[in-house]
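First comes one chain, alone, set out as structure tokens in the form predicted alone.
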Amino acid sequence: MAEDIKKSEYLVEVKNLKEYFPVKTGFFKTTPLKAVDGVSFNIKPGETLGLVGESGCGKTTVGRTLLHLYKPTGGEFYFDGELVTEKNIHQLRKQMQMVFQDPYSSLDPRMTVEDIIGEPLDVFKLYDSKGDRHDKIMDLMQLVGLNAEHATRYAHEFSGGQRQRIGIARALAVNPRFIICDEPVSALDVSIQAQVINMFEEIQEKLGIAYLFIAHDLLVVHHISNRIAVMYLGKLVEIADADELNNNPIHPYTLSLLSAVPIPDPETARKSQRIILEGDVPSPMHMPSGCPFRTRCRYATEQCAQAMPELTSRGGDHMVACFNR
């Protein structure tokens, strides 16, 4: 009975996910690059979890590892209560899709829009006839704001925003319950970003899809997410409700990220204090002992060098990995 309750509560459960890449460091020696190191989080049906952090922190690797585009080094991933493995990933992939960051390289230039969107329908045989296939594709194009006459065109004939809409329609073709959005608006103009973000929200409201929304722009993530997880060098350092994280950040790294967000009000901007981190991001090949953020943290103590702090509750669902905050 307890297991049934657990299954109904979370669509996605990630436990201690690890992704290490072997890097050759000598003729006969390899060193593991710990891109993702012990990441855990949950996502409820119809919920959006934002995953933020600077470039190279492992955000994209988390998304690709969940879909087994990279074979996980360790940890467990449960989808609707079922453990995802190499044996069942093909069947489950119909329920889990991905929207890629670059709308220019993620679409086949030799295929028409109709064939790009229809390819998942072909793979999973989700139509009864050619007419049924065509109708499904037209419905998907309408859902993402594309016109019927776009169907016979090629990807290079579209703008960046339109290409990303094609990628979103392709992801929606198999009627998934969970979509990993890998920085889907970072390559788009600001005005187009707002349109695509609003479209993601409308689709979620209509279809009840859960999102893992990966980005480095905290303004975008706060707008679309129910909860936000902050990542640094392969580890989660803070996770909380979106408004709670924005109004009450605790981890020093989160404080620094939020201080860099532009403030539209000039008066408030003058009073705000930018937190500049000292030093460079450590190499994931040569991680510092203990907390990976300690070499850039003004609150660091000797304890921080001895052990990595666990994510602990600071009230409600607000979790932070820090000894001194």
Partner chain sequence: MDMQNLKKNPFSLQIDPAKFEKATDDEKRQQDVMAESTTFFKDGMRRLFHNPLAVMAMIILAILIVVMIVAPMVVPYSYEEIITVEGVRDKAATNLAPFEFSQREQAFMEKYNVSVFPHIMGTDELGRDYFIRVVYGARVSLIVGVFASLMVLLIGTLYGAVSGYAGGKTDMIMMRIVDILYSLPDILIVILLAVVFKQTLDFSNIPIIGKLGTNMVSMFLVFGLLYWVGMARIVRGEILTIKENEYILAAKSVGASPAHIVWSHIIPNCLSVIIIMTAQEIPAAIFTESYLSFIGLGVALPMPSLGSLANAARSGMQSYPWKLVFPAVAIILIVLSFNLIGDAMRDAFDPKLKK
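Numbering follows the first chain given and starts at 1. From a predicted model like this one, the values you see are computed outputs, not experimental measurements.
Keep in mind the form predicted in complex with its partner chain is missing from the figure; the text below concerns it.
Shown without its partner, this chain lists Val123, Leu83, Leu219, Val190 as candidates; in the model of the complex, only Val123 has a non-hydrogen atom within 4.5 angstroms of its partner chain. Of the candidates Asn88, Asn198, Asn248, Ser105, Ser105 is the one whose heavy atoms come within 4.5 Å of its partner chain in the model of the complex; the others do not. Using a 4.5 angstroms threshold between heavy atoms, Arg93 counts as touching its partner chain in the model of the complex.
At the 4.5 Å threshold, heavy atoms of Glu157 reach its partner chain in the model of the complex. Taking the partner from elsewhere, Ser225 is found to have every heavy atom lying beyond 4.5 Å of its partner chain in the model of the complex.
Taking the partner from elsewhere, Pro109 is found to have a heavy atom lying within 4.5 Å of its partner chain in the model of the complex. In plain terms, the part of the chain that comes close to its partner chain in the model of the complex, with a heavy atom within 4.5 Å, is 114 to 122 out of 114 to 122, 71 to 79, 203 to 211, 250 to 258. Contacts between 63 to 100 and its partner chain, taken as any heavy atom within 4.5 Å in the model of the complex, involve Arg64, Leu67, Leu69, His90, Arg93, Gln97, Met98, Phe100.
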